Ligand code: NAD
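In the block that follows, a single chain appears as structure tokens, in the form predicted alone.
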Amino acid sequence: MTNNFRVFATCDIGDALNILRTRGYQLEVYPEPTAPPKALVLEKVRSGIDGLITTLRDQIDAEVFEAGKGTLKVVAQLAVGFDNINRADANRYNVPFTHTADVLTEATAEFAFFMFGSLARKMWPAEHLTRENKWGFWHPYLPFLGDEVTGKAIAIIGTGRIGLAMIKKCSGFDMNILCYDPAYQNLVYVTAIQDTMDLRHARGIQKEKTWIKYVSIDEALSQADFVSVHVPLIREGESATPTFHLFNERTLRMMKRTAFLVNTSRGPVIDENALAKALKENWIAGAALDVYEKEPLSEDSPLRDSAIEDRCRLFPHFASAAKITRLSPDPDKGMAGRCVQGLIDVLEKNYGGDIKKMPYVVNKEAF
């Protein structure tokens, strides 16, 4: 198949781009690891490209859609989130945009679980102790002890795809699971997990009975040893259940002093000033973040305070950064493959050209 579609990619997304090349697309890729200046994106869009491949770093708004008026047919985002794309502007200009939901589900949940292990077992301070040659003796509890993850209670805040994947992993560690979701309760899944827990206990695979249940957020936070955040970012006025600064001074004070908080969802779900205060004043035992209110994390962020560095793990938004998840050209396995397939669906009018039927298009309501 030969096509003459012109596409600009704001970053290299690997071998999946060869799918476009073999189909005859005229493809230009921004070569730097940093995001291209918006002026360059506008220049490329004004030149008449048909498709734009973007990441969360690229601000796509009315200015971009106006520049591509009459020619830009699709924006394909390499991410699940699309906070960088102004949905109202896309709808006003009738430009569909796609995302890469689901393929990063397991990788993100896996990473969140690893973050809990790193916090609870004090891996960062333990490695520093070793590397700085301060490990001069062995003692059963000095200079510090970590804590087990197995058998503890975890609160899953948000039970969408990634939250459910996290539940599955936690059940394998014999954890009791408190679920909270501001919008929807997946009772069928929770029942299936409880059935699995009961069977594991009955067959002697786990010694203690465990449970899973939906509760209020207050109950979840006050009872959990670990809190894992998996909600979308919803600001005030966008829904009856906003999640912006869901974690603030009030909710952080609800948590146990021995509890750990991990966020792999969206940065603004947590008030970072409140979290830094919570760590400094020991309201909670520790936190690990992969997302921030502003990215990259600013040099003067209170989260960088050396007084809390042993209890605050900071990662560069890379929970999905695994080879297959990020780069596989297979749209059922990789973000890159799904990004490219979403672009192809729109440009080549798959699904009979009905955008509402295209699985990776986000703003179907505009069509």
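Keep in mind that this is a model prediction, so the values were computed, not measured. Residues carry their position along the shown sequence, with the first being 1.
One more form of this protein should be noted, the form predicted together with nicotinamide-adenine-dinucleotide, which is absent from this view; the next part is about it.
Enquirer: Test of understanding: in the model of the complex, would Trp283 fall inside 4.5 Å of nicotinamide-adenine-dinucleotide by heavy atoms?
Expert: Trp283 lies outside the contact set for nicotinamide-adenine-dinucleotide.
Enquirer: Would Asn273 show up as a contact with nicotinamide-adenine-dinucleotide in the model of the complex if we use heavy atoms at 4.5 Å?
Expert: No, Asn273 stays farther than 4.5 Å from nicotinamide-adenine-dinucleotide in the model of the complex.
Enquirer: Taking nicotinamide-adenine-dinucleotide as it sits in the model of the complex, is Cys339 near enough to touch it, meaning that at least one heavy atom pair lies within 4.5 angstroms?
Expert: No, Cys339 sits far enough from nicotinamide-adenine-dinucleotide in the model of the complex that none of its heavy atoms falls within 4.5 Å.
Enquirer: Although the partner isn't part of this model, could you tell me whether Ala120 comes within 4.5 Å of nicotinamide-adenine-dinucleotide in the model of the complex, counting any heavy atom of the residue?
Expert: Output for Ala120 is no: heavy atoms all beyond 4.5 Å of nicotinamide-adenine-dinucleotide.
Enquirer: Thinking of nicotinamide-adenine-dinucleotide in the model of the complex, which stretch from 84 to 92, 129 to 137, 251 to 259, 265 to 273 has heavy atoms inside 4.5 Å of it?
Expert: Selected range: 265 to 273.
Enquirer: Let me know the one among Pro182, Pro143, Pro125, Gly172 whose heavy atoms come within 4.5 Å of nicotinamide-adenine-dinucleotide in the model of the complex, would you?
Expert: Looking at the other structure, the residue within range turns out to be Pro182.
Enquirer: Would you mind picking the one in Leu297, Val80, Ala153, Val190 that has a heavy atom within 4.5 Å of nicotinamide-adenine-dinucleotide in the model of the complex?
Expert: Of Leu297, Val80, Ala153, Val190, the residue with a heavy atom within 4.5 Å of nicotinamide-adenine-dinucleotide in the model of the complex is Val80.
Enquirer: Decide if the three candidate residues Gly14, Thr55 and Thr98 all line nicotinamide-adenine-dinucleotide in the model of the complex, where lining means a heavy atom within 4.5 Å.
Expert: Per the other structure, none of Gly14, Thr55 and Thr98 touch nicotinamide-adenine-dinucleotide.
Enquirer: Residue by residue through 215 to 246, which ones have a non-hydrogen atom no more than 4.5 angstroms from nicotinamide-adenine-dinucleotide in the model of the complex?
Expert: Stretch hits, in order: His230, Val231, Pro232, Ile234, Thr241, Pro242, Thr243, Leu246.
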